[in-house]
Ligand SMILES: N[C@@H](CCC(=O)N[C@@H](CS)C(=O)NCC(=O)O)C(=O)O
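Here's a solo chain for you in structure tokens, the form predicted on its own.
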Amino acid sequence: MPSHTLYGADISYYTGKVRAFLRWKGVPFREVQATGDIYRDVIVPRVGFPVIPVLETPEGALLQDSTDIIDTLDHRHGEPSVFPTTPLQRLAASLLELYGDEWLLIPAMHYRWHHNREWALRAFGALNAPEATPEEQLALGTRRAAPFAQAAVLLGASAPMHAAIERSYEGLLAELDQHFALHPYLLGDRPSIGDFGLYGPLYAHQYRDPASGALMRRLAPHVVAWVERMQQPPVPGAGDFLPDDTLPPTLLPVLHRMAREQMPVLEDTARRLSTWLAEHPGEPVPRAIGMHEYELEGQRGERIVRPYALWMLQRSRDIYRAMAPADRARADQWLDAIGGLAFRDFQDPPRLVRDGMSVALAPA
């Protein structure tokens, strides 16, 4: 079978998500590290902006964005799929992808830039200039990584929020550790799209970065074992989801945490986007539209308003709205159990499409 080319990096959140999917799915690929030369000669000229991961198909087409890459290749390469076919499992997997992709950015960026900073700077320098000396790599990494380091604060990891972020993350590790003590993956013996969404931050930032990795090994050995299964699947393409559309009870605390932490921010993001669209008719939607307040572990902080997260949420809302009445009733009972009233009654903004690294209104 012809091979794909994955342009990415070991330190990259979303490259980790895609790499794990390609390995489990059994899609042949070679990985090319996104050095400065690769950005200059391949990614920017062909994609239009500096971003990873980028996947080149055997036909020469480029796919960008981890969600689009997985959607496309899961469909193209057939069964077994990472998307459950039963309604509750499909919804839960989608919500957990949203949680991993868009919310666990906060602890991932906090730990990298506030607990692993010098290591990360050297890693960025080595990626961009693998032949340079360690001193040159540190200087280059310091320059190249500046926007990423700043992003930690913009995403919500300002100094007053550090303790709350760490309490929340350690709570999540404890909940996931209890779950993975009983189940190999989130929904049984097969990884779902939810597993890949959580794996991005939990592997690329929290498992690989040295201080974060030591914390995970000390607090959550079953999470470590799951990360390593995801990293190198014992039998690619094997396993089944739990029968009868079952959601394991050990997963409910994780979903309850997602509903408690992330959904209020998504609600406010939708309100602010709707207001922005009314005030800026016909203008491109920016990647951020100001700042808003968020709460974590009883502490209040500020973070940027990211409309992109609503495109991810829209995928979950589509699953919910498409349910048959009996399935919708079961989903509503389950949402009540996890504190998901905000998701059930969510006031959707106008329909969105992905537009590079931001979103745009879907064509009428």
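Residue indices: 1-based, along the sequence shown. Computed from a prediction, not measured in an experiment: that's the story for all the values here.
Absent from the display: the form predicted in complex with the named molecule. The rest refers to it.
- The listed set I319, A331, L310, I52 contains one residue whose heavy atoms approach the named molecule in the predicted bound form to within 4.5 Å, identified as I52.
- Scanning D209, D177, E166, D101 against the named molecule in the predicted bound form with a 4.5 Å heavy atom cut-off leaves one residue, D101.
- Although the partner is absent here, T67 lies within 4.5 Å of the named molecule in the predicted bound form, judged by heavy atoms.
- Put simply, H292 is far from the named molecule in the predicted bound form: not one heavy atom of it is within 4.5 Å.
- Shown alone here, M357 lies within 4.5 Å of the named molecule in the predicted bound form, counting heavy atoms only.
- In the predicted bound form, W119 stays away from the named molecule, with no heavy atom inside 4.5 Å.
- Contact with the named molecule in the predicted bound form, defined as any heavy atom within 4.5 Å, is confined among 58-66, 297-305, 23-31, 334-342 to 58-66.
- Annotation for 13-30: interface residues with the named molecule in the predicted bound form are Y13, Y14 [heavy atom within 4.5 Å].
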